[in-house]
Each structure stands twice: as C-alpha cells, then as structure tokens.
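There is one chain below, alone, in structure tokens, taken in the form predicted alone.
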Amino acid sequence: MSSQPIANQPPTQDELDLLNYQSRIERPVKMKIPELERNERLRHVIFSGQFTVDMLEDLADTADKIRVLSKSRSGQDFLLSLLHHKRAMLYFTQPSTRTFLSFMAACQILGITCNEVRDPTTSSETKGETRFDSLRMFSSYFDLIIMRSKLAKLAESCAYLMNDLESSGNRSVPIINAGSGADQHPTQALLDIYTLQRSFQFAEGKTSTVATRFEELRRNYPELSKGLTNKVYGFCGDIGRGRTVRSLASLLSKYEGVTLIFIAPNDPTLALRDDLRKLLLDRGVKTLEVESFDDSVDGVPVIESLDALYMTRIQKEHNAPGDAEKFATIDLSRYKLTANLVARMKKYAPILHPFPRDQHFGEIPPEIDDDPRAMYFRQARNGMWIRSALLASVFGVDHQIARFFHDEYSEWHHYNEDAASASTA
C-alpha cells in the first residue's frame, strides 16, 4: 500500500492517517530523535540514526553480559525475572523468519510474554479496521509493539500516534520497527554492528587469547587495529533496495576513518541511491562506488582491500514492471561470492549477510559456509542477544543486568605465589 492515494480512487483511511503524520515524518532526523526518547533513553526504535556510537557500545556490553548469564541456571532465572510482568505484541504483516524468531527468543530470554499477528486476514482489518486502530487496540493489551510492515512510514507514524496518546493522558507503549518497506531495518543494523564489534575484538576460539590472535594478525597486517574505526567496509549486491544496507551504512558512518565501498551494477534500481550517498558525503565519509570486486581502489582490487564484506541478494520481490527484463541484460554473476574471491580476502575479514540468501541466485554458495570468516549464521544468532539488550534498555533494566553480572563474576582467584614459593623452598 502506498501512502499516496491512487489516481481516480478516494484515499483509504489508512492513507489519510499516514498523511496526517507526513509533516512530522519529513523533518530532519535530529528534530525527530527527542520525540523518540524519554529521559535520554530510547522509547521508540524507528531508524538507525537514533543510535550513537556510545549507545552501540553500551548495547553490545549488555548483550555480552546477557549471553554469559544465560549459560548458568542462576543467570537464566535472573533474566527471566526481569520483565516477566511485561507483554509484547509481534505485529508482523510482512513475511519474516529470522527477525520474528529472534525477537520472540529475545522476549523469552527476559521473561516477556509474547503474542503475534502475522496474517492481517485473520484480524479485524478484514472487517475494515484501520492499521492505526489495530495498533491502538494492541496498546490496550500489551506493553510493547514490535512491528514489521511493507509500508515504509507506518512504524514512525505509529510512534507519533503513541506519543499523541501519551500527551492526551491515554495509554501508550513503545514501538520497535522490525523492518519497514525498503526504508529502514534498525535492529538488523544493530546485530550487524554487534557482529562486527565482536569480530574486530579478534577473540575467536576457547583456547586462544585476544592478545595472541591479534598480534599474530598484526604481523601480516601492521596497520590493523581493534574496533570498528579505520576500516574498509564493502557492500555488494542490491544496494538501492537494501534497507539493511541503508541502516548499517548509516551506523558505520558514525565511526572515524571508515571507507564504504558499494559494489553494484550501474543501474538506478540496484546502485547506491542519492539520499544515502548525500548522507555519507555530508558526514565526510569516504564513499566509493564500483561495479566489480576486481575494480581497483588505490591500486588494489576491491576484494583484497576489504576489512569486512556485507553480501546481499537481488530482492526480486521488490521488482517493478520491466525490472526482470532489464536485469536479464546485466551480468549479475559479478555480484556473487566465490571460493576464489574469498581466498583473496584478508585472513580476518568477516563475511556478513542479512539473510535469506537466494539459493537460485547463489550470492554466497554453501561451500563458503565453513570458512572461519563466514559470520552470517553467528550474525543471525547475535540478533537474539542484541535484541535482548535493546529490550532491556527500552524497559530500563540494563543497569540491573550490569549489577547482577558484577555480583556473579566479581570474584577472581588470586594465587598466593609468595606463599607457594615459600612452601617449596
């Protein structure tokens, strides 16, 4: 459904409701952010621009603590007790597997009771109820609404609806955008950032230490540093229609010294769009657009210069009439990863993918899955932990998690080496 009325047809009530919020939606991002917060804490999560670098670091820290606590019975019981009195509605009218299950699991980790509407034909919308009436009705029963829609502006409009209800003394609940049209997918960007944060700590394997692996890598890559700053990030595939690309690129642009390389066909549908290009240029981010992994940047092929690679599929479900015929004239094989290309990548460079991958197109063939740099399955699991951290932050229990974690893990075994030496003398 478009937010603009179809020619020669009267607008629906949903379209009229969206138009009521149009002037607020079209404001600069910085003007919107205060309305989406309460007491300097996230109230509604609508777009990735709400996250600051400090906030991303805090959320990652909370996620790390949750994943450790979940491994013990006492930690599980504590986490389950935090929000057992809360109820969440998962309103997913756009098909979803990973995002839906990830949020469901995140709620369950914190003890939140979940209900769902995934098919609007089973709801009162078939009787003429508007989406806005549905959302307001959900707020009567639940403490949180997590929503995914094909409609780009719906989540943001619903956040303003909740704020208006709050201002008039009515019940209001937080809105979390779990994907809106081809526009934003902020919590996917969160798990993407979290995966990169963990990857660039260079601590893989139970028997290796951070320092050991990092120093080993530094022998081959002397300029390598920990963290997300001063890195080259590549995005390959359907850049123009990729809301995950848009959201992640926006977040990465907040880190110092990053270079973003977009690898896509020279096609207005698939290539980098003007609004994202302008955002990156306004932030002073070094932004490059190429048509192949073998294109040269500063004398080095792109595939060999990347510190991380974000692959995407061609999103055929968003094709307009004529797109399929147009794309048939483009050599899309240049936007598929192969074992030979992976062999040329840096030894530490993680490979990410928002999933689902397209088995027919084959942008990442299964034989790459066992490569230690293939992070996409870990990336999906990371979504459960970082979304748990986000929910904990929205409901203000992240500080309780930090205190409990400190109490559980503050004791260290200090070996009395002097006494041991004396006893063996």
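Note that the structure is predicted; figures quoted are calculated from it, not measured. When you see a residue number, it is the position in the sequence shown, counting from 1.
Only in words, not in the display: the form predicted in complex with N-carbamoyl-L-aspartate, which the text now covers.
Contact annotation: N-carbamoyl-L-aspartate lies within 4.5 Å of heavy atoms from the stretch 185-193 in the predicted complex, the single such stretch among 185-193, 282-290, 331-339, 258-266. The partner is absent here, but in the predicted complex a heavy atom of 244, alone among 177, 244, 250, 199, sits within 4.5 Å of N-carbamoyl-L-aspartate. The single contact residue among 153, 213, 98, 254, judged by any heavy atom lying within 4.5 Å of N-carbamoyl-L-aspartate in the predicted complex, is 98. Although the partner is absent here, residue 355 lies within 4.5 Å of N-carbamoyl-L-aspartate in the predicted complex, judged by heavy atoms. Although the partner is absent here, residue 313 lies within 4.5 Å of N-carbamoyl-L-aspartate in the predicted complex, judged by heavy atoms. Under a 4.5 angstroms non-hydrogen atom cutoff, N-carbamoyl-L-aspartate in the predicted complex has residue 148 among its neighbouring residues. Looking at 149-173, no residue comes within 4.5 Å of N-carbamoyl-L-aspartate in the predicted complex, counting any heavy atom.
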